[in-house]
Every structure is written in C-alpha cells, then in structure tokens.
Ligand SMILES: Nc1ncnc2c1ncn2[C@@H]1O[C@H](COP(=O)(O)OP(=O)(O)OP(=O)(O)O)[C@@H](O)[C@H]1O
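Shown here is one chain on its own, the form predicted on its own, set out as structure tokens.
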C-alpha cells in the first residue's frame, strides 16, 4: 500500500523557491499495476524518488507498507528501500566495469539478509529468470541496451521487493526490445504479486496496467 497525503516538494534555486510537486492525495493498493504518464518536467521522477525514500518531501506524509518514510533517518530509508522496493532506472544505473553478477549482488549486500554464498545463488537464479545466466561473468559495458535493462530488472527484484518502481524502463530501447522488457516486468510483478508503478510515454503500453495516472492532473504545483 502506498499513501501520499498533502505532499509538497520545493527547491531553493539561488534564493528563489521552486515548487516541483504538490499532491493532495495519492493511493495505490497492494498488488496494483499503475502507469504514470505526463510531459517531461511534471514531477514523475520526483514522485518515484519520494515513494522510494530517495527524497523526503518538504511537507506531507509518504506512507509505504504502513511506514511513514518521512519519520525515518536516511540510513533507515536506505534499509527500507533495500528490503521492500525494487527500482528500475531508464538509464540502467549499472556499474559498467563490474560483471553482470556483481551488479545484481550489490543490493543484496545492503539488505543484510544473505550470506555471501546465498547472495551469489540468488543472483544467478534471478539472471536465469531474465535469460542472462550465461553472461553472468561478462562486464556490463559489453552488453546491448536490452541486456543491460534485463540486468537492471534482475537487480531490482533480487531482494523480492513488495513494490517495483520502473522509471521509463523502455525509454532507451527500440520498440521491439521495449515491448519485450515491459512484458517481462509485468510478468515478474504478477509472479511476485508485487505492486508495480511504471512511468511511461508509450500509450500503447497502458492497456497492460490496472489504471493510469496523469501526473500533470495530479500535481497542483504546475496548475
């Protein structure tokens, strides 16, 4: 369950107050698959960063899995994210000189739930799930864009999160690979019974979700 109440996000730009996000209310039910749409700069990524605990709002409450993230320290938010949230980035956000396996293992070290042997076993299992177990020892910089996104997906789900956030996960891919990646994300969310939130500019993908939300209509800061 995700519940935002009277959330505001403001920035100070050389003494000028910039209103980036102002949302009175947003609810996402457990297990829902929701697409977020809207033009560039309307606050979509800021919203996801608030839900993940990477940012804290200027005002308001961000409640995720019955925990108000605004009451946690940065370290507590990091641990919460490691154990409950998988984040798939548009630009992959991988370590190019690390191997595929090393990239997937990284979030497991933050969760503090696994031994070294368990981490490698779980990571290889996730790579097999996305069709990349045969490339576990390759450096990420040698992979194609579609393969990099598959590594990013494996990394995001290796801790079995309750919530998956995907920020334009097909934005850097061609149509064919983008469709395959989105189908894979939906499939994994269904199998894991995870809540799925996806930012997308591809209207043809909206039918895959339970509902879509236009952030431009939700964000009072840009009205």
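Quantities reported herein were computed from a predicted structural model and do not represent experimental measurements. Positions refer to the first chain, counted from 1. So that the term is clear: the rigid core is the largest set of C-alpha atoms that superpose within 1.5 Å between two forms.
Omitted here: the form predicted in complex with this ligand. The next part is about that form.
- Message: Can you tell me which of 178-186, 157-165, 34-42, 58-66 lies within 4.5 Å of this ligand in the predicted complex, counting heavy atoms only?
- Response: Stretch with heavy atoms near the partner: 34-42.
- in the predicted complex, does residue 20 have a heavy atom within 4.5 Å of this ligand? Looking in the predicted complex, residue contacts with this ligand include residue 20, since a heavy atom lies within 4.5 Å.
- Is residue 70 a contact residue for this ligand in the predicted complex, using a 4.5 Å heavy atom cut-off? Taking the distances in the predicted complex, the answer for residue 70 is no, it never comes within 4.5 Å of this ligand.
- Message: At 4.5 Å between heavy atoms, is residue 172 in contact with this ligand in the predicted complex?
- Response: No, residue 172 sits far enough from this ligand in the predicted complex that none of its heavy atoms falls within 4.5 Å.
- Message: I'd like to check something about residue 201: if you look in the predicted complex, is any of its heavy atoms closer than or equal to 4.5 Å to a heavy atom of this ligand?
- Response: Although this ligand is absent here, residue 201 would touch it in the predicted complex, with heavy atoms inside 4.5 Å.
- Which residues from 138-167 come close to this ligand in the predicted complex, meaning a heavy atom within 4.5 Å? Heavy-atom contacts within 4.5 Å come from no residue here.
- Task: Taking the rigid core as the superposition reference, indicate whether the CA of residue 207 shifts 2 angstroms or more between the shown form and the other one.
- Result: Shift of 2 Å or more: no.
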